[in-house]
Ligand SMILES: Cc1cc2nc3c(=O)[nH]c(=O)nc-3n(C[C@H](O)[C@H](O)[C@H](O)COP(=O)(O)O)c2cc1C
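Quick heads-up: it's one chain on its own, the form predicted alone, in structure tokens.
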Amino acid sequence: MNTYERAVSLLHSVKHKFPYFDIPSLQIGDLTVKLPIVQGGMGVGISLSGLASAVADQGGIGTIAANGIGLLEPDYFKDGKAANIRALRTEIRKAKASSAGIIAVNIMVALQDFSQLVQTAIEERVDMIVMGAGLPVKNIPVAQMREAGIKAVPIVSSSRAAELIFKMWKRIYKDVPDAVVVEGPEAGGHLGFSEAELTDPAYSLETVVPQVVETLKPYSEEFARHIPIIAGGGIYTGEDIYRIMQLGADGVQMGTRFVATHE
């Protein structure tokens, strides 16, 4: 199945189950996403330009994962940082040449070359930078991102983390992120859940998403903009999309669902 067929099947499953539910677009600042689906950033050569551009073509957000992307380069083990930057630049350009849709880059904060990879994404003027595996608080080039029209989107797993990031951004940058990805225990990310927490309802998306919605309300009011929440982790069917959006999410992030697509 290719991404077109996958997108159509998801839409049909929502419409069949909930015929009176109009699937909304996802609005991130001045960026309108026709289909409220963000393709998750799957690192080490999974989420590359082929997949990202195919998802973007169908009206979602296609994501290139920067983690380990330089392994595609022959000199990676001689100079991994240079290889990562070169490969990321290449994949962004290929994706943008293949699609006029929305292209994001997922960059792990924990990476040693995080700053260089962010700079590369800014230079290539991607639409959005998603930052996870750590708290994107210090040394974020917010002014450069704003000048380039790039949306800043941190990944969090709790309302506490969201509060910390927004509080620090307000203090340091006099600004706040454009959206937030909220990942639950079923997300294939780097969130550090313990084995017991994987099945604890207190850490589920159903619990955390409404908490983050409440946490961000004061910031939405203060900065006079809606801050959309994108929920990820265990979102697999149209019914899952409907259920989580009824809890306050503006969109969803899906990774596993795209692994089996042709791209």
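Since we're looking at a predicted model, the values are computed, not measured. Counting begins at 1, following the sequence as shown.
Here the subject shifts to the form predicted together with the ligand, a form of this protein not shown in this document.
Proximity to the ligand in the predicted complex, taken as heavy atoms within 4.5 Å, picks out 39 to 47 from the listed stretches 22 to 30, 39 to 47, 208 to 216, 52 to 60.
Checking Glu91, Asp127, Asp178, Glu183 against the ligand in the predicted complex, a heavy atom within 4.5 Å turns up for just one residue: Glu183.
Note on the partner interface in the predicted complex: the residue among Ala121, Met108, Val156, Ile165 having a heavy atom within 4.5 angstroms of the ligand is Met108.
The closest heavy atom approach of Gly188 to the ligand in the predicted complex falls within 4.5 Å.
Interface membership of Thr256, defined by any non-hydrogen atom within 4.5 Å of the ligand in the predicted complex, is confirmed. Shown alone here, Ile235 lies within 4.5 Å of the ligand in the predicted complex, counting heavy atoms only.
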